[in-house]
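Single chain ahead, written as structure tokens, the form predicted on its own.
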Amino acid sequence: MKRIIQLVVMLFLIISLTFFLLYLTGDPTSALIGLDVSPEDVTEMRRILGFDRPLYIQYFEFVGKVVTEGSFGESFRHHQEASHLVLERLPATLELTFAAMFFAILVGVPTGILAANFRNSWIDSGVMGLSLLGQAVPQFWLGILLILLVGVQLRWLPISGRGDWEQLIMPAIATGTFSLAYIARITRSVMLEQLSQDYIRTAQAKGQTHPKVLYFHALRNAAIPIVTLVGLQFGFLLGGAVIIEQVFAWPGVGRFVLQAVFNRDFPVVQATVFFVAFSFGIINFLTDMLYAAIDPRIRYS
């Protein structure tokens, strides 16, 4: 219940901050109706959209609609409920994010374990060098490179769109590479720490095999930092999906909100920020709950 209350407070603060930051960018009326209009038309449009009222009244009305109706208002461009437009595209973004995270965990954790197991060897140096490269390469550049090499030159995978599982591979790789490198580095670090503990030497002295000691003892005790990192990286991947969706023409929330920002479509931007923040909050909430399942010594009161 404490974490649920924290999530509610976080969402309230986020939608409030988003509201005021958007209005600090200026009145969107001119961008909506163009430049070749009379001042009377601008005044009438501001009245219709409600921008002629004091800011605090607009804010309380906005918060009231969100709390009581779950409504962020009607899109200025699409003339539909903004939350419905975002929810139509949110599954595509979550699909890409979860696929990227699955790729990052599937490769990053075993790679980090491998580097820790062969500490100070050429394998360790190679893994850490590639991890550093993975963190340094911009996502959009990697996405463009994959399109040119894998999609255009080799013709192995489609370069854009959503639908077939093959269309998900390149966007997921481009989105998840940074997280993969980060997870590999952290996994190596925590595994090295666990492998130097006394309980590892005790398990080895009892005659347990090295793979069992590595995976059933060291990895289990190193899981808490790794799970924490994965939960935090989920938010990073949601943010990174904005650029990757544009590169691969992926019909998700990121590409949609980017167009909304250019069009000054405030309700769509506000709804997008809310739902992305809510998804990130839920993932972190589940991460907290997972701690107790991994380590029985952890209890929540």
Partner chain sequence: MIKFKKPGKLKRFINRLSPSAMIGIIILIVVVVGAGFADQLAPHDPMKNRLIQKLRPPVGEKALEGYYLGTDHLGRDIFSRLLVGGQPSLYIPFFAMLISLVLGVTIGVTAGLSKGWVDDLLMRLTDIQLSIPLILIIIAVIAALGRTNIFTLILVLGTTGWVSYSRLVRGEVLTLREREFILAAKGQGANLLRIMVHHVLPNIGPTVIVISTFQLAQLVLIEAALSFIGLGIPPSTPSWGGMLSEGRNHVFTSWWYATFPGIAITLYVLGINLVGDWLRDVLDPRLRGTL
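Positions refer to the first chain, counted from 1. What you see is a predicted model, and the numbers here were worked out from it, not measured in a lab.
Quick note: we don't show the form predicted in complex with its partner chain, though the next part is all about it.
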Practice task
Check, residue by residue, if Val63, Val66 and His84 all come within 4.5 Å of its partner chain in the predicted complex, counting heavy atoms only.
Solution key: no
Practice task
Indicate whether Leu132 is a 4.5 Å heavy atom neighbour of its partner chain in the predicted complex.
Solution key: yes
Practice task
Considering only heavy atoms, tell me if Gln58 and its partner chain come within 4.5 Å of each other in the predicted complex.
Solution key: no
Practice task
May I ask you to state whether Leu238 is within 4.5 Å of its partner chain in the predicted complex, using heavy atom distances?
Solution key: yes
Practice task
Please check if Gln246 has a heavy atom lying within 4.5 Å of any heavy atom of its partner chain in the predicted complex.
Solution key: yes
Practice task
Could you tell me which of 163-171, 186-194, 101-109, 204-212 sits within 4.5 Å of its partner chain in the predicted complex, going by non-hydrogen atoms?
Solution key: 186-194
Handout entry: Contact set, 268-293 vs its partner chain in the predicted complex - heavy atom within 4.5 angstroms
Key = Val269, Thr272, Val273, Val276, Ala277, Phe280
